[in-house]
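Just the one chain here, the form predicted on its own, laid out as structure tokens.
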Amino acid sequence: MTTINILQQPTSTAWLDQAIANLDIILLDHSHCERKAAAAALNLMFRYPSSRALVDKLTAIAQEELEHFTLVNQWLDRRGIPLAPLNAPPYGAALRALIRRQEPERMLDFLLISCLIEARSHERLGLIGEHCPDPELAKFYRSLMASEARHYGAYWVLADTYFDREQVARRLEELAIAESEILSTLHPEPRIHS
């Protein structure tokens, strides 16, 4: 397994066991995650439309997230899983609560939280790809890893583009500690970010 250096703690084996035992729910949640990731990129573009580098990078990310949404939905169809709502785990709301309200700190926090979410997705999709008992589904998950890595890298590069590197590193460490604490208790419902 690859260690992702911006994450403070690796994913627990308890999460992996829960995910592998509930692959249909994980796939459904993955569909929701891809849609939310596209929406997050679009929301940042609308919030900061004069930041050209941000708009360009996030346009590409939003498009790729929607492509992944389509691919995951094809897997749902193959496995006979209807697209349905799911209760969200506390992860996203807990991270959003850490976003400072004043600019420019707000922009930095949005970028770094998106970076952390993408990094955690990269790690967890890789774990599923490594341990999934269905070889085709495992291959699919491994195929997504490079784009997830690009996404978290893009958010980090954007933070580094608009903010002082020391400020970025300091705030990223603070948020990464909080992100790991949020995941320190396994959510009872299987989710990509639980």
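Model, not experiment: these values are computed from the prediction. Numbering starts at 1 and runs along the sequence shown.
The discussion below concerns the form predicted in complex with a further copy of the same chain, not included here.
> Does a further copy of the same chain, in the predicted bound form, lie within 4.5 angstroms of each residue among L108, L158 and T161, using heavy atoms as the measure?
The answer is no: none of the three residues contacts the partner (heavy atom, 4.5 Å cut-off).
> D77 versus a further copy of the same chain, in the predicted bound form: is there a non-hydrogen atom within 4.5 Å?
Answer yes; at least one heavy atom of D77 falls within 4.5 Å of a further copy of the same chain in the predicted bound form.
> Give a yes or no for K139: in the predicted bound form, does one of its heavy atoms lie within 4.5 Å of a heavy atom belonging to a further copy of the same chain?
No, K139 sits far enough from a further copy of the same chain in the predicted bound form that none of its heavy atoms falls within 4.5 Å.
> Hey, in the predicted bound form, does S121 get a heavy atom within 4.5 angstroms of a further copy of the same chain?
S121 lies outside the contact set for a further copy of the same chain.
> When the contact criterion is heavy atoms within 4.5 Å, does L98 count as touching a further copy of the same chain in the predicted bound form?
L98: no contact with a further copy of the same chain in the predicted bound form.
> Can you say which of 121 to 129, 164 to 172, 44 to 52, 144 to 152 gets within 4.5 Å of a further copy of the same chain in the predicted bound form, counting heavy atoms only?
Only one stretch qualifies here: 44 to 52.
> Under the 4.5 Å heavy atom criterion, name the residues of 60 to 80 that approach a further copy of the same chain in the predicted bound form, in sequence order.
Read in sequence order, the residues that approach a further copy of the same chain (within 4.5 Å, in the predicted bound form) are A62, Q63, L66, E67, F69, T70, N73, Q74, D77.
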